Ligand SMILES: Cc1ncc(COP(=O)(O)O)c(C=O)c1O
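Single chain ahead, by itself, as structure tokens, in the form predicted alone.
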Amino acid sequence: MKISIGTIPDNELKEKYESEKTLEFGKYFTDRMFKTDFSNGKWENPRITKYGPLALEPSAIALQYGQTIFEGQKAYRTKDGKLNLFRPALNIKRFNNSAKRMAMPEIAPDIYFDALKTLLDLERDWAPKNVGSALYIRPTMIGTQGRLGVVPSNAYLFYIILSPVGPYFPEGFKPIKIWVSEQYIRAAPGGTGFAKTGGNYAASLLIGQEALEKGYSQVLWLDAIHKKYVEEVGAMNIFFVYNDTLYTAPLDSGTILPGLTRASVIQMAKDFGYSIKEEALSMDEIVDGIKNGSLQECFGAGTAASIAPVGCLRYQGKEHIINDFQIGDITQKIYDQLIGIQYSTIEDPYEWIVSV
């Protein structure tokens, strides 16, 4: 479909952020956004407009019943001014998997990708230049039909917005402290845990705020049935390193988001010669591993956070310090390769990068 591109008068263009050094995550948004509407069984009216509020019925199904999905991507600015997308085909695939789970229409990959490339080309000057900063991409779909009654919408809006961001965690690439949730759960088998839908994140807000107030950066979720097996962190998947073997929770329960960074870490670690085990670890096993020294390292992996070393887990009223609160060698090695590929400072042996 041909994308209509609206004009914005110069006096309505925003002032850009003052400094990349103080660039907060998710605070700023670029001048333009992409939109397209779904009705009568098809997507139509693709357009790029000025970033601004959406007009919705108060009874819109997205607002009443949470029929919303989204993706998280980044465009990484290279030294020669290109914008690198990291494995974008997987984002599109995951977006459509989320759509199917939430009874929403899929969007053709070419519509998604053409919209993204066109919008990025128009807004490329917003992309930060520092390694560790990026232009965050938020594709979203919402049910826009106005009615009461728990049924899928018959109309939808798909849109993309862009946000120049610094590191997800203010401390940057340094070990973080994580609060293990013993009371609340994120997702249960058969639910929507594998989908990027708003309700999953709304359920995390209360305990996430409590953790922040107590000095912890994120919440680690345990399984819904036994409340003892590690699943994922609020903004990322998580890995534990025992004797040069990387453990991460399996995806077969449907309660864990299939992270793109997770999949990439697994591939890189295998090629580095490390063993990978997708197995559920209990918190008792993890605490024992910290105490006896067999747990070498722990780190999170996600688009927003990239690779985040974990130096402390708070569980059952105690702080358990990992690797003397230092960045582990394996964590550092994976981080260096991932960042190098994303910013084109090293060769991309996997052909993961698509440049715009």
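Remember, it's a predicted structure, so these values are computed and weren't measured experimentally. Position 1 is the first residue in the sequence shown; the rest follow in order.
A second form of this protein, the form predicted in complex with the ligand, is not displayed here; the remarks below concern that form.
Here is the short version: of Thr68, Thr30, Thr36, Thr303, the single residue with a heavy atom within 4.5 Å of the ligand in the predicted bound form is Thr303. Contact with the ligand in the predicted bound form, defined as a heavy atom within 4.5 Å, holds for exactly one of Tyr242, Tyr274, Tyr201, Phe113, namely Tyr201. Stretch 233-241 is the answer when you ask which of 233-241, 279-287, 148-156, 124-132 has residues with heavy atoms within 4.5 Å of the ligand in the predicted bound form. In the predicted bound form, the ligand sits beyond 4.5 Å of every heavy atom of Pro164. The ligand is not drawn, but in the predicted bound form it has no heavy atom within 4.5 Å of Arg77. Residue contact check for Leu260: one or more of its heavy atoms lie within 4.5 Å of the ligand in the predicted bound form. Within 4.5 Å of any heavy atom of the ligand in the predicted bound form lies no heavy atom of Arg87. Using a 4.5 Å cut-off to the ligand in the predicted bound form, each of Arg94, Arg186 and Lys196 places a heavy atom inside that distance.
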